[in-house]
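This document opens with one chain alone, in structure tokens, the form predicted alone.
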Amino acid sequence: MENEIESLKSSSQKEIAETKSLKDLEALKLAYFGAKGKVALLTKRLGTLSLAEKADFGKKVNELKNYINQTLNTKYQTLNTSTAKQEWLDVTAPGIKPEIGHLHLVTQAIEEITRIFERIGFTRVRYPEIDWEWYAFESLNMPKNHPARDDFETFFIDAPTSLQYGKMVLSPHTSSGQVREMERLNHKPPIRMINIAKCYRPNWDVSHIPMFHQFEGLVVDEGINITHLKGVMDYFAKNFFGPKRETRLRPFHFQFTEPSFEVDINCGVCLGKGKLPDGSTCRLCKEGWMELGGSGMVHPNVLKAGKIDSNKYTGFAFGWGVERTFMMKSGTKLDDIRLLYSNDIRFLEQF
């Protein structure tokens, strides 16, 4: 047995000396001291010895362990020092800056829209994403049989119905905040709000998504007329879209405004031509113009729902989709609204 101990001592010294890497040194350490290693197998021999032999043999095995450990540690220090010399570091070289992200495109658009309207005295507000039918429809002069209240147009919530306010819905538009703003100000104009929030409608194509953002403007005061509405639209278009873009007001019908208009802007992809340079039809607008949203003079019934005297006060309102407004911005050339929420980093890093 003494010969075996001497043999292991000699072989370990040679193998450790020939080791060229820290990885190989760790493997060698496991070969000697692992559960099935050479030293462990030697230790198991103790059970076959007498008490007198065990004491002497145990002492020599411990000496072997200490010798191998010491040799391993010395080699480890040598290899570690050699590796450190090879991995030379120039501390004067510029560091690698960590990647820094940026706000999502929609968040950037919301902040820009907010700043534009703040400069002309609008107050930013936000109202519930889950609201009552009364605020979403009836307070806005929409009767029970209005098509917007169809299950194919609105997400209804499976919740108890209120006798006063009806069912609960995922807010289909920010217009539901109009009467809430009148209530917040205790039914006392002047009112000049910009309400930006999430809205929900079951639509899905290149220009519609089930969840989107709207910004709703509402102005109520004495002597407000349609020229004020047009002035605000022109001001926003000039500041947000740039001088080369054109807008138009198209007569339309909305239950909560009278008269009503849809606001269009020439397409940011084809610039109002409806055709691309290769002669193909523009995928986004098809005909050169894109609808941004509705606008008009606040209907007297809406003022009445907000407990405001329609004989003394008038107002205008407008509601536009943030995503679609961003798509129409000069230079964006985004032809599918769904890309905004695809979370494709290759797309997001372009902005």
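Quick caveat: nothing in here was measured; it's all calculated off a predicted structure. The first residue of the sequence shown is number 1, and the count goes up from there.
There is another form of this protein, the form predicted together with a small molecule, and it is not shown here; the text below is about that form.
Looking at 153-161, 188-196, 277-285, 250-258, the stretch with residues near the small molecule in the predicted complex, meaning non-hydrogen atoms within 4.5 angstroms, turns out to be 250-258. Contact check for residue 318: a heavy atom falls within 4.5 Å of the small molecule in the predicted complex. Residue contact with the small molecule in the predicted complex: residue 266 places no heavy atom within 4.5 Å of it. At least one heavy atom of residue 214 is located within 4.5 Å of the small molecule in the predicted complex. Contact check for residue 139: every heavy atom lies farther than 4.5 Å from the small molecule in the predicted complex. With the partner removed from view, the residue among 167, 245, 149, 201 that has a non-hydrogen atom within 4.5 Å of the small molecule in the predicted complex turns out to be 201. Relative to this form, residue 148 and residue 212 separate from one another in the predicted complex, with their C-alpha atoms ending up at least 3 Å farther apart. Put simply, residue 151 and residue 258 come closer in the predicted complex: their C-alpha atoms are 3 Å or more nearer than in the form shown.
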